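Single chain ahead, by itself, as structure tokens, in the form predicted on its own.
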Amino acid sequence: MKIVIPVDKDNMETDVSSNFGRAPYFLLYDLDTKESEFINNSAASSPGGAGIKAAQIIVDSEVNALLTPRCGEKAADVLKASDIKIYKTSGTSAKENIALFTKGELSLLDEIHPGFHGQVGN
């Protein structure tokens, strides 16, 4: 199973980014092989629609789940259409959230916000 987490830096000690669509990087993590890969989020600098573009990057990465503190409704629609489950992160570090997910301690993200519709920032 592969998961993805929006992160602030390209290392395993990094914090989870508070903004999915504008996170600088995505950490792709394979729970079976324990291999990790960081990809640049090219959507982060988009003037609008960053969440939808970021969601498409996630879909193209062929993951099973997204771990994030929040997600906009249009991005969530793209992810759900591809059967990608969205889980709410807990705590701050990517490493901590991988461990919590592995133990089954993260819940599905059920508070999807309407999005920022062209606004940059949180």
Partner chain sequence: MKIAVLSGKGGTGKTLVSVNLASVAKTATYIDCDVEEPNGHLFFKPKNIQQENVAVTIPQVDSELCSGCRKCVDFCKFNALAYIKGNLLIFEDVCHSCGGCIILCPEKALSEKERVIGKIQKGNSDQVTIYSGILNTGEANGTPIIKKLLNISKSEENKSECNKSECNKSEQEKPALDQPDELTIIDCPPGSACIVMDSIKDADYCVLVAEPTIFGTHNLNMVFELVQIFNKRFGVVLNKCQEGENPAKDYVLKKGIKILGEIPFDHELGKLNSNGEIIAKEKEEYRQLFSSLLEKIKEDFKENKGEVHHETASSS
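Positions refer to the first chain, counted from 1. Small disclaimer: the values here were computed from a predicted structure and weren't measured.
FYI, the form predicted together with the partner chain isn't displayed, but the following is about it.
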Location of the partner chain contact in the model of the complex, chosen stretch of 43-51, 89-97, 28-36, 62-70 [non-hydrogen atom, 4.5 Å]: 43-51
Proximity of Lys74 to the partner chain in the model of the complex, heavy atoms at 4.5 Å: yes
Residues within stretch 70-99 having a non-hydrogen atom within 4.5 Å of the partner chain in the model of the complex: Lys74, Asp77, Val78, Ala81, Ser82, Asp83
